[in-house]
Ligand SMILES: C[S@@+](CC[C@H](N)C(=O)[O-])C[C@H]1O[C@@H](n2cnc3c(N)ncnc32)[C@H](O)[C@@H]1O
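Form predicted alone, single chain, as structure tokens, below.
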Amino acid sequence: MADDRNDAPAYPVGLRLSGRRVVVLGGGTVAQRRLPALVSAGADIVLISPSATPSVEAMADAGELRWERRPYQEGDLADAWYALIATTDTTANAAASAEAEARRVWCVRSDDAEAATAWTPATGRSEGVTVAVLTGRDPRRSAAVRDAVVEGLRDGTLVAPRHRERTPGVALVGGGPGDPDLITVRGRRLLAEADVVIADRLGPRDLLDELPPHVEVIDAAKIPYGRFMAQEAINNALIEHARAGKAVVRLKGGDPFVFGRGMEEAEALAEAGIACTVVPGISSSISVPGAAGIPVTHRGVAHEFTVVSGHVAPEDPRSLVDWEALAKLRGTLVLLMAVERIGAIATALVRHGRSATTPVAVIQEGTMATQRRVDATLATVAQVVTDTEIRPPAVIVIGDVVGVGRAVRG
């Protein structure tokens, strides 16, 4: 009798993977797109791959998964609950798939859906509801149905939107501070219509998992002090794909024009004659403090706030910041990209007149499930950051507003 299992419809189910072993084979772009959802699900992730994209490597460095830098070996799927096979070695993929079948481990194959025992649906989220759509071998339709349901949930109509024509060109989309729900409606719609997405590590990475398989995702790898794609290479990639007639989204964290080098990209596109749309995003300079319960301004406390990049130390001759002038301001000071230099910055502010007892809050991974906040003063913040092992990305707030919102922390 012929095996007709592949002709049967898939049985939809939601997997509860929190604390359960999940094995991912391959550290390329497929893994990069799928891993954030597994991390969000709380899975105990083991990545097995000789190499990985910069963003996947950053997840390993951050402790979000364990990375064994080697090829697949028989036995790797022992005790696994779920497996994602996404290597470029078809022989290894087949062997791992056979092991998954023998061990009764549900397995997704990125290179051969027919050989898989599980398929990854097009997923979307809205106000605590997860929408997952499977339409067999038609991922574009899966994504379209998913988008219609999610958008209907958001506006209360559950009516599918009309088909939107995709216009070749580039959209510089500010993705907000990290929580995928904080991207603008326009930014999310442009992302759903994209043929190519060039994404920063600090963009809302969970949204990449919602993209259908035909969308090409390019990792801009703008990781501080790690591997990176030069700005010129990013500009060239934007121009190349737009000239090929594709709808391109440049997905950036926060707002494209707030320490995001968005204007450099817009100028390069204009010089090349490429249509460019700018979609503003919520800057982490105000949204992250807000998520931590800190208003950057508050009546009777602070009537001004100043946002400063701290990627260059005060004593560095390349610094364009007047720290003496900043120390004399009475309002709120918000520092971005300043974790590794907060000691030197605090010393400079105190030397130029700011009180050493000035309250300071440091918010790591603001708006994300992993958000944490530590409080200090200018005199103690360097030691507190060291003792609590605060790492980028983090936003630092200096001023009396730090003590205002303790009852409404996000």
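The model shown is predicted, which means the values in this text are computed figures rather than measured ones. Counting begins at 1, following the sequence as shown.
The next section is about a form of this same protein that is not shown, the form predicted together with the named molecule.
- Query: If you check 253, 180, 187, 124 against the named molecule in the predicted bound form, which one has a heavy atom within 4.5 Å?
  - Reply: When the named molecule is considered in the predicted bound form, the option within 4.5 Å is 253.
- Message: Between 274, 301, 337, 327, only one gets a heavy atom within 4.5 angstroms of the named molecule in the predicted bound form; which residue is that?
- Response: By the 4.5 Å heavy-atom cutoff, the listed residue in contact is 337.
- Any non-hydrogen atom of residue 363 within 4.5 angstroms of the named molecule in the predicted bound form: Looking in the predicted bound form, residue contacts with the named molecule include residue 363, since a heavy atom lies within 4.5 Å.
- Query: Counting only non-hydrogen atoms and a 4.5 angstroms cut-off, does residue 110 reach the named molecule in the predicted bound form?
  - Reply: Because no heavy atom of residue 110 falls inside 4.5 Å of the named molecule in the predicted bound form, the answer is no.
- Item | 4.5 Å heavy atom contact, residue 394 and the named molecule in the predicted bound form | Although the named molecule is absent here, residue 394 would touch it in the predicted bound form, with heavy atoms inside 4.5 Å.
- Message: Is residue 259 part of the interface with the named molecule in the predicted bound form - any heavy atom within 4.5 Å?
- Response: Looking in the predicted bound form, residue contacts with the named molecule include residue 259, since a heavy atom lies within 4.5 Å.
- Of the listed stretches (315 to 323, 113 to 121, 278 to 286, 207 to 215), which one has a non-hydrogen atom within 4.5 Å of the named molecule in the predicted bound form? Within 4.5 Å of the partner lies stretch 278 to 286.
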